[in-house]
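Before any questions on how it binds or moves, here is one chain, the form predicted on its own, in structure tokens.
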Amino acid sequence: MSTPDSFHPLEFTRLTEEEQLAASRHFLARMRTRRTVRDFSADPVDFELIENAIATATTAPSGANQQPWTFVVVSDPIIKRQIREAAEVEEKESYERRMSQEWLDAIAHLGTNWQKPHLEDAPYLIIVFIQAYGVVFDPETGEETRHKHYYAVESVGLAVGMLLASLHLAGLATLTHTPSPMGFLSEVLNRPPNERPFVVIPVGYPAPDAQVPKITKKSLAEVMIHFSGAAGESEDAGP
């Protein structure tokens, strides 16, 4: 139960309407330039950009403020190769046996296959883990106590979105990679039993000759419904 000393005043700066619109439009314009990149340059990236992006991700809301995430950053070439080799084993099996034809048809326009050179080419890999439950150790007895994490998947998803936005605004390219199954990541990175791999994010600069698929995003009218007015009538987002 909360007590009076459990709270402190909110720090909030209210912008003028003009400032709000300018900030909103600028952010939208920047994020519309974000693309998934599979061709990376080996050019080095300042590690502070990675640290700052992860620090930003950790400001995401989480169920009961339990912050059920771990961000593992890999720049060691040997470990990156281990991850690539293990991922390609799973990906090859998926492309050749696990994935239905419907699934293969759905991703055909992206030009992907089981080979994942970006896992070695990108200067950094950020592997995000979900903490399925929390663990507390008694320093005197060494006894382990587990406690439930609430909305862990949703919480980590929110954090990853903020991570990707931060990396993009820092001028870096990213890819969200989810080999299936991903259990090998726990083994390669020596993670504890309460952590489950969620996504692998290669980070760096795009290769000079990098290309991306010609795709479009759904319009606002297709994805937003606005209920307004006393009668609760819904409106779409317009043409």
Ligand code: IYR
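All residue numbers are counted from 1 along the displayed sequence. Since the structure is predicted, the reported quantities are computational estimates derived from the model, not experimental observations.
Just so you know, the form predicted together with the named molecule exists too; it's not on screen, but the next bit is about it.
**Student:** Should the three residues Phe129, Phe137 and Arg191 be counted as contacting the named molecule in the model of the complex, with contact defined as a heavy atom within 4.5 Å for each?
**Tutor:** Per the other structure, none of Phe129, Phe137 and Arg191 touch the named molecule.
**Student:** With the cut-off set at 4.5 Å between non-hydrogen atoms, does Thr112 touch the named molecule in the model of the complex?
**Tutor:** Yes, Thr112 sits close enough to the named molecule in the model of the complex that at least one of its heavy atoms falls within 4.5 Å.
**Student:** Is Ile107 close to the named molecule in the model of the complex, meaning a heavy atom pair under 4.5 Å apart or at it?
**Tutor:** Yes, Ile107 lies within 4.5 Å of the named molecule in the model of the complex.
**Student:** Check whether Tyr151 has any heavy atom within 4.5 Å of a heavy atom of the named molecule in the model of the complex, and answer yes or no.
**Tutor:** Tyr151 lies outside the contact set for the named molecule.
**Student:** Even though the named molecule is not shown here, does Met99 get within 4.5 Å of it in the model of the complex, heavy atoms only?
**Tutor:** Residue-level check for Met99: yes, a contact with the named molecule.
**Student:** Tell me, out of Thr33, Gln211, Thr178, Asn65, which residue has a non-hydrogen atom within 4.5 angstroms of the named molecule in the model of the complex.
**Tutor:** The residue from Thr33, Gln211, Thr178, Asn65 that makes the contact is Thr178.
**Student:** Can you pick the stretch from 71-79, 164-172, 112-120, 151-159 whose heavy atoms fall within 4.5 Å of the named molecule in the model of the complex?
**Tutor:** Careful reading of the contacts points to 112-120.
**Student:** Could you list which residues of 23-42 come within 4.5 Å of the named molecule in the model of the complex, counting heavy atoms only?
**Tutor:** Sequence-ordered list has one entry, Arg38.
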